[in-house]
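Consider the single chain below, provided in structure tokens and representing the form predicted on its own.
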Amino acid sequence: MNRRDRVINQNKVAPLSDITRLIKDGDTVAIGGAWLSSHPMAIIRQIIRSGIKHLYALTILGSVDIDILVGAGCLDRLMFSFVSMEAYGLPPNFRRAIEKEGLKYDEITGLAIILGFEAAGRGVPFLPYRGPFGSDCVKERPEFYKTIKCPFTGEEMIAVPAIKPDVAIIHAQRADPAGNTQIEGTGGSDLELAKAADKVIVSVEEIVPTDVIRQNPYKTKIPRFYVDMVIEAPFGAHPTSSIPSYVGDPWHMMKYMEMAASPESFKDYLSEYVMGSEAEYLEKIGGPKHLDVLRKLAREVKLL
């Protein structure tokens, strides 16, 4: 499907189970969000439920999204600049896979990955930048970082190749049926992912009429011609945050870290929280009463 076809197709709404139409075994999948914010966790859980395997995942600032995919055995390879559970500690499955289980990985600086996505989005084979001089990155990854000279000034620079995912998965606040997507709060490099990828799946807190999108056009960060599928998934970023809709869930994050501490207990986590439906997941984490607490906390946040 080319970008022109995406514009003509005005209704891209699909159920979560339809991600298998766009994500296949062996695909390269770029995952949106950053830190513990706005990760497309409903899609991540559906990847596991659907039995999709042998993925090459790309993340700039990954967290529980990467850890759960690694633990579930969905990845053959990972490109990342950073994977952390922040205050909750080191991601257990990720750490085991890197240290003991032989997961293939490409550790690349965050800026270089962003530039790789930007290059793909612009349709050029590489982009140059001033770095990472003074580090061992170039020596350790010579297939990714290339030293070049500016043809105009002669300045020595580093070139990084275009990174073109098969699919980008992104979570946002709202979209219309055509795919015009509005992002509030932390968007990370979601727009760069959308521009770079061959196919884009967006999950949103709510699908709204186009007239609602037009009321605040400045919030529309990803226009419809980049989007192939729109999925309505309330609390689709849980347990990460989706500001201003809700905060991250510290109670569930602590439960996750406890159950991910060993491969055996992590299997129990998958069985209890992932292998059912999203509706069952939201009920098991505490249901409407608990979700209202997360909403209320987001409303009461004060900026310093």
Partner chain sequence: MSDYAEDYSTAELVCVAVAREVEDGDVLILGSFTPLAFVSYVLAKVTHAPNIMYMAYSSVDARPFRLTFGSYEAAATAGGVARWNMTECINSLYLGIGVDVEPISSIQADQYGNINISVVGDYAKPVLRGPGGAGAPEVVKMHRKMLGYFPNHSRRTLVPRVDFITGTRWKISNEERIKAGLRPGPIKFITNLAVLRKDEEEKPFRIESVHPGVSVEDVVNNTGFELAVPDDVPETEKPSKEQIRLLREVIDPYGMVAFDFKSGKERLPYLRDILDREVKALGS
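This is a predicted model, so every value here is computed, not measured. Positions refer to the first chain, counted from 1.
Keep in mind that the form predicted together with its partner chain is missing from the display, and what follows is about it.
- Just one listed stretch, out of 68 to 76, 199 to 207, 227 to 235, 130 to 138, contacts its partner chain in the model of the complex at the 4.5 Å heavy atom level, and that stretch is 130 to 138.
- When contacts are judged by a 4.5 Å heavy atom cut-off, residue 184 counts as touching its partner chain in the model of the complex.
- In the model of the complex, its partner chain sits within 4.5 Å of a heavy atom belonging to residue 250.
- Contact annotation: residue 112 falls within 4.5 Å of its partner chain in the model of the complex, judged by heavy atom distances.
- The closest heavy atom approach of residue 261 to its partner chain in the model of the complex falls outside 4.5 Å.
- Applying a 4.5 Å heavy atom cutoff to its partner chain in the model of the complex picks out 80, 81, 82, 83, 84, 86, 87, 88, 90, 94, 95 from 77 to 95, in order along the sequence.
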